[in-house]
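Okay, here we've got a single chain as C-alpha cells, the form predicted on its own, with questions on binding and movement later.
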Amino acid sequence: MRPKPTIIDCDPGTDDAIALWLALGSPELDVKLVTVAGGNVGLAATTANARAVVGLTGRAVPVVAGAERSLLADFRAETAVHGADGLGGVRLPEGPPLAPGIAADAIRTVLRAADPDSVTVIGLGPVTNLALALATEPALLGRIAEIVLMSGAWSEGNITPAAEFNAWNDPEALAMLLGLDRPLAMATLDLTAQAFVTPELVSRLAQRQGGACWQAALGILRALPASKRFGHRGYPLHDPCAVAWAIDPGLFGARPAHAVVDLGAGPSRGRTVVDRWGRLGLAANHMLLEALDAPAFFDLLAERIAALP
C-alpha cells in the first residue's frame, strides 16, 4: 500500500517525541513536514525538541516553527509532567536547524502540492497552527484525507476538571477543526488511558534491543511521573495513540460521534461535549476512538522505534 503523505503538528513534549519516532519509523506514513507550536513547554523548547527528535532518526524532514500562543490567549505549559525542557530531562543531540518560514504557510505549501484526498494531518498539541493554515485557504481542505487529533475527553479533563490539556489551550482552534467538512478522528483522554504505562511494562519493553531513538524513548518512559489520576500506578501515553490510528486503525474500536467545544470563560472552558449515542440528533463530525488493543499498540511502538537508528 502506498505510504500516506503526512503532516504532523506537535508541541514536544515527552509523548510527542515518542509519537514522532513512531511515525518516522513506520513505512505506512510518509512524513512530509513537522510543524511546532508552544504547549507542553514554550515554543523555544518545543522547536528545539522537535529538531532533536527528528534529527536523531537521520531523516531529512523539515521542522517549521509556528504559534507561540493560542488564537485568543497564551498557552499554559505543563512542566510538572514534561519537565522544564519538555523531554523529562532526557538529553538529545541538537538537531538540524529549523526550516525557514512559519508553520501555517508550510502546511499550506505541502497541501497545495498534494493530490486530492491524499494527506493525513496529525495534531498532537493545541491545534492553533492547523486552524490558522486551514482558515485562511479553505480550498486546500480537498487535499486532506483525514485529520487525526489527540484532544478532548468525553468524561473528565486533565488540566481542569472539565477539559483536556490540548483542547483547553486553544478551544477556538479545535472548534474550527470540528466544523470542517473533512474526516476527523479524535483520540481522547478516555482512549489514551488504555495506553497505560507501568514500571513493569517499561521493564518488559527495555528487553528489546534498539538504537539511539529507542534508548531515548525508554529514557523518556522511565522519566515520566506516575499520574495522580491513576493512583500513581503509572501514566497514559497520549500522543502515540493518534499516530497509531493513522498507521493501523485495526488496533482500535471507534464510532461516529458529534462533539462541540465549550468556548465560554467559566470553569468548563475547553470541555469537549461528546455525544456518543446521538442524543442531540446532530450529524457526526468526527470518528471517536473508544477502545485500544493495548498489547498490540505497545508491540507496534516498540517494533517501529527500535528499528530506527
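Residue numbers run from 1 along the displayed sequence. Keep in mind that this is a model prediction, so the values were computed, not measured.
Keep in mind that the form predicted together with beta-D-ribofuranose is missing from the display, and what follows is about it.
Residues of just one listed stretch (178-186, 87-95, 214-222, 231-239) have heavy atoms within 4.5 Å of beta-D-ribofuranose in the predicted complex: 231-239.
Interface residue among Gln194, Thr109, Ser227, Asn158, judged by heavy atoms within 4.5 Å of beta-D-ribofuranose in the predicted complex: Asn158. Although the partner is absent here, Phe165 sits close enough that one of its heavy atoms falls within 4.5 Å of beta-D-ribofuranose in the predicted complex. Residue contact check for Thr46: none of its heavy atoms lie within 4.5 Å of beta-D-ribofuranose in the predicted complex.
Interface residue remark: Thr35 is not counted as part of the site for beta-D-ribofuranose in the predicted complex, having no heavy atom within 4.5 Å.
In the predicted complex, beta-D-ribofuranose lies within 4.5 Å of some heavy atom of Met150. The partner is not shown here, but in the predicted complex the stretch 27-49 reaches within 4.5 angstroms of beta-D-ribofuranose through a heavy atom at Asn40 alone.
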